[in-house]
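Starting off, we have a lone chain in the form predicted on its own, written out as structure tokens.
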Amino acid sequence: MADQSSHDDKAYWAANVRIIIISLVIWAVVSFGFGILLRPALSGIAVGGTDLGFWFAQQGSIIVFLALIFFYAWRMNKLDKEYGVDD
């Protein structure tokens, strides 16, 4: 019984860390990659009266960050139910 619980704990945290890493990579690519590194390449694409690189640097990374927060909360609620640790 204790061995099963230990296995479930490790699987739960492995899934949690995987979600966190994926979210951080997405956030880094959007904020640093699109907003800074790829800004010159995205400058020809217009969004809302400005170029796409500027949009990602000023607004897009914040919007993606907020979306990632909601995704993380939704996914963790689902994961909690799957492993039986929900409220």
Partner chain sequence: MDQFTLNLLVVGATFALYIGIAIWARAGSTSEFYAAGRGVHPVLNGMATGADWMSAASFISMAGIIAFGGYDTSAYLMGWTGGYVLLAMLLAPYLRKFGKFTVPEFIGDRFYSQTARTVAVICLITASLTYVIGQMTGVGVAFSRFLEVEVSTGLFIGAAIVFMYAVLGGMKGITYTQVAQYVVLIIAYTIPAIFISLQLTGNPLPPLGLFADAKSTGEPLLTTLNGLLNDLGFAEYTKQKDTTLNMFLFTVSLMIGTAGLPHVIVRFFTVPKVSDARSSAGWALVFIALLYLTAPAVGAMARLNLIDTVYPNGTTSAPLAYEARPDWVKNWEQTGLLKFEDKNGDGLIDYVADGDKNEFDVNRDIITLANPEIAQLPSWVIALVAAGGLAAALSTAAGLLMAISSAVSHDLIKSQINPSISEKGELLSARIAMGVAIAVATWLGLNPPGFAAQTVALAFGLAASSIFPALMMGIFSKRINNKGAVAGMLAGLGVTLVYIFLHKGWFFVPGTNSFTDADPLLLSIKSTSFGSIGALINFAVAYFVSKSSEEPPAEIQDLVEMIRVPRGAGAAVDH
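Residue numbers count along the first chain shown, from 1. Bear in mind the structure is a predicted one, so any value in this text is a computation, not a measurement.
The following text describes the form predicted together with its partner chain, which does not appear among the structures shown.
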item	value
Glu82: touches its partner chain in the model of the complex, heavy atom cutoff 4.5 angstroms	no
Partner proximity in the model of the complex: Ile62 to its partner chain, non-hydrogen atom cutoff 4.5 Å	yes
Contact of Gly44 with its partner chain in the model of the complex (heavy atom, 4.5 Å)	no
4.5 Å heavy atom contact, Met76 and its partner chain in the model of the complex	yes
